[in-house]
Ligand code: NAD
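The chain that follows stands alone, in the form predicted alone, written as structure tokens.
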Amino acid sequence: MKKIQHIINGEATSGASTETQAVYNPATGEQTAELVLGGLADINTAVENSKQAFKGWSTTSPAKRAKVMFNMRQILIDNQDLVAETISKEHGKTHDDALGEVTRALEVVEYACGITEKLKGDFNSDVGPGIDTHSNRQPLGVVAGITPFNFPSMVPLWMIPMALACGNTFILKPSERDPSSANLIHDLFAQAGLPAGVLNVVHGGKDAVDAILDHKDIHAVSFVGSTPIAEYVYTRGCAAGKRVQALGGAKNHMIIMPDADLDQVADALMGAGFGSAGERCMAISMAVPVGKETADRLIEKLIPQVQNLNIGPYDKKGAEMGPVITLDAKQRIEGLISQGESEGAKVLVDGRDLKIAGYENGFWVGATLLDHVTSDMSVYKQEIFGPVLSVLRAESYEEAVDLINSHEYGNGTAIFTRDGDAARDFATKIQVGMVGINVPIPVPVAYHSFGGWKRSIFGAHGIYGPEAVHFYTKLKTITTRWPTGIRSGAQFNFPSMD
């Protein structure tokens, strides 16, 4: 049985803990590995190594740090199939979907290659008599990331390249459900020339998370996961004096206007609702057609596409959707479908109790389509995080907008329309952080920043892009005067530059 260990100071180690956890192939339901779970002692060891590595890495020139990122870019391109296969074996998503994850991760590495430009400061001469002022951004020290199962390579690579390029050292605590990707990322960075100890990986559960949040020598924490845990991470981390960016859950709506191209809408909803088996924080789980005719026409187009979705293991040719991550996830998703049905939702396509020939013990949930969902139902209020697309019919555009704005989450949303006025009004008024106009999953490119609103994020900074530079650095401003031989005498009033 494969044993997955921590990587500290460039070496694989089981650390101080004797606790382990099984890792599964979701398509077969079989255990594929045993994961070592660390805790306080292992986090302490990783922090001490990170602190030592910081001394050299933080004084390495930004140009040399960028060179590591350039190397990593090429290594990631050369190994993209290996990375995708590692993702798929433990997550279950199709190979093409996993390749898409690698591509979006690569974009952030490429953005980090330009760190020399991003770290340039400001300068003003003669702000006062013989006085100049300049500012720069300096690294924080040891920082950490706590990442989810649904993007085991992309989300760590949303954090690590920017944190390292800014001169910090990084401790990664990945999901216990698909941990191999994290170790592979470490190994690829090592191939790229990253010194030992600059990136450490510690596996674990809540004990490891709490150790990160409480440790006085970890200066910032990035988190992506569910809203309850995001709020916990933010509250505990801030109480310990850290910078925290904690990205939480979502309930993403797509408004479909009567003038929209419904063939385009149906295709968009299939990918946005069922890609990665719906295990995306930017998945569209709520379709909101405006008007009965729009809703009826949309349903007519969706039903055959949902019924004919090609579901299978990642290496099945033509597979469009794989299993969900665990048996617990399967049972929870199917329970929510049943609860929605009992509350009055109409199940048009039922994905419960799906069996795939040859993979009968896998964690399969079929694509599910619900109609006549209302805002008081559990399937509307909760983030299902599975292959369930719900249709909530709105009588007017205004009703649809009010529905979205009143929801506790504000991660992503979209509108499909040919009307520029409606699109502009939607983009202005909607209380959501990432908005798509005829774009179903509006995940920003790497040179913008990712982040929702309301209870989809805790903290002032989005992730990657320009926001990451500010999150992973601190501003220093230096005001300078060189002696000129002229004395002006002591001044006791607050200094000014007049």
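Please read these numbers as outputs of a predicted model, since none were measured by experiment. We number the residues from 1 along the sequence you see.
There is another form of this protein, the form predicted in complex with this ligand, and it is not shown here; the text below is about that form.
For the candidate spot formed by Thr86, Ala144 and His186, no residue has a non-hydrogen atom within 4.5 angstroms of this ligand in the predicted bound form.
Think of it this way: in the predicted bound form, this ligand has a heavy atom of just one of Pro148, Gly386, Pro139, Gly312 within 4.5 Å, and the residue is Pro148. In summary, among the residues Ala250, Leu269, Ile415, Ala112, the only one with a non-hydrogen atom within 4.5 Å of this ligand in the predicted bound form is Ala250. Shown alone here, Gly291 lies farther than 4.5 Å from this ligand in the predicted bound form, counting heavy atoms only.
This ligand in the predicted bound form comes within 4.5 Å of a heavy atom belonging to Lys173. Not displayed here, this ligand is kept clear of Val201 by more than 4.5 Å at the level of heavy atoms in the predicted bound form.
In the predicted bound form, this ligand sits beyond 4.5 Å of every heavy atom of Ser153.
The stretch in contact with this ligand in the predicted bound form, judged by heavy atoms within 4.5 Å, is 221-229, chosen from 393-401, 269-277, 303-311, 221-229. Shown here without this ligand, the chain has only Cys281 in 273-302 lying with a heavy atom within 4.5 Å of that partner in the predicted bound form.
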